[in-house]
Structures are given as structure tokens and as C-alpha cells.
Ligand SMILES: C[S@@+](CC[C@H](N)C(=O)[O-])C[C@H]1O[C@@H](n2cnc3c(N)ncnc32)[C@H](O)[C@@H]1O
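The data below hold one chain only, encoded as C-alpha cells and taken in the form predicted alone.
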Amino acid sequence: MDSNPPKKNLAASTLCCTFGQLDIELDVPEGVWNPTPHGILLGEVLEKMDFSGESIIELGTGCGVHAVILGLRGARELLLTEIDDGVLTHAKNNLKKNGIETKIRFLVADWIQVDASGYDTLVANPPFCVAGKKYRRYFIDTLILDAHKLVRPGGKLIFIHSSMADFPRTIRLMEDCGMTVQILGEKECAFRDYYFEDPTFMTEMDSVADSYTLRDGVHYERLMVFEGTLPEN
């Protein structure tokens, strides 16, 4: 979904990933994001959860790593979206490769612009650093503001982002939308190289309180997985 992601994150690869008790093999074609630290932490959190009987929508499924985990953790039904049909084809192949028999629908869609509603849970890893938007929080904010269009009352929104996107701001927006907020997981990670390739990005991050830490010459961000429970009505 990012407009111009760094090329080294887009190389074709076959990955063997372990998430808790789950061992997953993924074929990632050239031009599709390899799982990032964000995606890995989100996967680790999802692996610990029970989605038995749930209908779940994932925006921007990529290579399908989270969809595989959701299927193995009991999801009854999955709606997986991507902006490109070719990406969805590879996600479909990875789901088949990992033996996922969940009822699945694949949909070409631009982020939150999905003609669907009433799902139990919405899962996403919103773009931020390379969002292709002047307002980098666009995907985070629209996800929170429009989750109610896709998720049933009392349903859940689960997503991840970096401290550089301003954790307190996200929590305030979720609470303003009537959500009950929980933090499901967090982890500290060193910056990826491409963060430094955009001087504007680094300048913006310097204006965000507690956006990163610098120790022994190394920049670190914190990643946080949020769960928002939507109001009942």
C-alpha cells in the first residue's frame, strides 16, 4: 500500500517464520512487502489470541501472513483486501500453502473504502513512514474514524503503529470515537535504514514527543499493538 517503498524490502523471498507455536512458510514475490518488525509483532500478538467463530476483515493483507495466523487461530470467515489483485493472488497461494480452510473472500480495495460491514474484528498494519501522503497519519486516522463502518457494535479493531506516529494522539482519537482501548503488545526496535532517506520525515519526528530514543548512536522506535472495542451502540 505504500506508494514508493524501499526496494530492499520488496525483494522476492521464501520466508520461514515462527510465531509462538506456529511455523509458517511464506512465498513473497518481488514488489510485495516482506514482513517488517511491525508486521512480525502484530503476528506475535495475534498468535496468542483466540478468534474461534469470528468474522474478520484485514485491510492490506500483503503476503497474507496475518491471514494465515487468523485462520490457524479459528477465524470462521476472512475478508482480505489489497489495492492490487496480483498481491491478493500471492496471499491466496500462501493461505493454501499453509492449509487454511477458512471461508475467505479476496477484495481489491483502497484502504477503508470497502463495501462491507458487520465484522467481528478488523485487523490492520497502517502505512506511516512511507504513506504516500503529506499527512502521514492519514491511514491511522481513517482506520480509527471509519472502523464502525466495517465492524459491528461491540466488535474490535486491532492494529499496530510506531511511537513516531504519536501513541497518546491515537489513544485520544480512539476514546473520542467511544472505543475502550487496550495495549496488547509492544516492543522496541532499531530504526530501519530508509527512515533516514527522507529528511522531512526525520524533521517531523523530532517534533513528536517521545517519538524515538537515541542510545549509543542508535535510534530506536517503540511499536505498540492497540485493541479498540467499539461501543455497543
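Not measured: the values here are computed from a predicted model. Heads up: residue numbers just count along the shown sequence, starting at 1.
There is another form of this protein, the form predicted together with the named molecule, and it is not shown here; the text below is about that form.
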I'd like to check something about residue 139: if you look in the predicted complex, is any of its heavy atoms closer than or equal to 4.5 Å to a heavy atom of the named molecule? yes
Is residue 65 a contact residue for the named molecule in the predicted complex, using a 4.5 Å heavy atom cut-off? yes
Please determine whether residue 71 contacts the named molecule in the predicted complex, using a 4.5 Å cut-off between heavy atoms. no
Applying a 4.5 Å heavy atom distance criterion, does residue 110 contact the named molecule in the predicted complex? yes
Looking at 110 to 118, 141 to 149, 97 to 105, 71 to 79, which lies within 4.5 angstroms of the named molecule in the predicted complex, counting heavy atoms? 110 to 118
Triplet 35, 58 and 61 all within 4.5 Å of the named molecule in the predicted complex via a heavy atom: yes
